[in-house]
Every structure is written in structure tokens, then in C-alpha cells.
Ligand code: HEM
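Heads up, the chain below is alone and in the form predicted alone; it's given as C-alpha cells.
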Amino acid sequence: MMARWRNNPESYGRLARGLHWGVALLFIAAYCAVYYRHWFTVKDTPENWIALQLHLSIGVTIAVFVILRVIWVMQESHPLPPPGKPWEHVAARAMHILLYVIMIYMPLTGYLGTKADTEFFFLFDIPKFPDTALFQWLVTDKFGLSFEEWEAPLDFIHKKSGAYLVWVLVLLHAGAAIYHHVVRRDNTLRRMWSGQ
């Protein structure tokens, strides 16, 4: 029974698949919350604040899932890659590395550059980074920066990556999976979807 949770040479286990699709759904939910906030709410209204808090809460949840995913990937074997040319395997590996970088730095830059506490799904508060001892020691004392100086590049990276780079990488990743399923007719998509 335990083996069904683990990867094998042919397929991903339940835990790997759950973390993969969980992070994907959380990213979609984070985008829905932030776009709803920008497109359908007015600044400084309760609706705007709720959408922001949902975005922040989902971002923290993504960070937790990604940490669990990285831990699992580091200790778990990977299914054998599908048949393909060496450059295709290099491209696939590079895409996965870029996706992991995105999954790590999007929540990180979001937290480090936010001006608001996170009311984690309205259950408890997570203090914003400027209110932490680490901010005081690192940003104020070591770098001599104000929050505004610290926040500007993080905000730029988080928002510009979120608006453009993330979507490009996700579409390329999904497109490659569909290509393998429809054109190559191999089990690349099936082994992450159903474990077959």
C-alpha cells in the first residue's frame, strides 16, 4: 500500500501528484484573488482587503507546499524520462528547474515585499516582514535601506514575473504535456495525472 504513495520507474506516486496539482491549483487561486482585487474591487474597501488577504494566505500555503515538494523530490526517485532526443531532455530539465525557481521566489518576493500582515485565511496573523527582527537586522542595520527602498525591486520582480514570465512558463509546460499526450502518444501526462 505504501508503494502507491511513492514514485516508481514508470510513474509518479500519489504524494508527488498531489503536490504537483495542489501547487497548480493554488497558483490559479492566487491569480484569481489578485485579479479579482485589481479588476473588481475599489481600493480601501472590505472586498479589496479580503481579496488581498486571500492572495497572501494562498501565497503562504504555496510556500508550504513547495517546501514539502522540494523535500520529497530530493529524497524520492524519479520516473524514467519518456523516449526523446538529448536536447528534449535538457529542455525538459531546464523547464522544471525554472518552474521550481518560480514556485520558490514568487511566494518569497510576495512576502518580503508586502506592507500588510497576512491574516491567514482569517484564522491567525502572520506578521509582515518589516515587523520582524530579521528585517531590522538585515535590511535596516546591514543594508541601511528603508522599507520603500527594499520593497521596490521585490515588488517589480513579483508583479512583472507574475504578469508575464509565470504564464509563459506554465503555458510551455502545459503545452509540452499536451504535445506528449496528443502527438507523441506516450504516458508523460498520464503518469502525472493518474499514475499510469
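Please read all numbers here as calculations on a predicted model, not as lab measurements. All residue numbers are counted from 1 along the displayed sequence.
Below, we refer to the form predicted in complex with the named molecule, which is not included among the displayed structures.
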item: Interface membership of Val182, the named molecule in the model of the complex, 4.5 Å heavy atom rule; value: no
item: Residue contact check: His78 to the named molecule in the model of the complex, 4.5 Å heavy atom; value: yes
item: Ile62 within 4.5 Å of the named molecule in the model of the complex, heavy atoms; value: yes
item: Heavy atom of Phe143 within 4.5 Å of the named molecule in the model of the complex; value: no
item: Val168, Ala163, Ala133, Val42 - the one with a heavy atom within 4.5 Å of the named molecule in the model of the complex; value: Ala163
item: Partner-contacting position among Leu138, Ala152, Leu68, Leu52 - heavy atom within 4.5 Å of the named molecule in the model of the complex; value: Leu52
item: Stretch 88-113 - residues with a heavy atom within 4.5 Å of the named molecule in the model of the complex; value: His96, Leu99, Tyr100, Met103, Met106, Pro107, Gly110, Tyr111
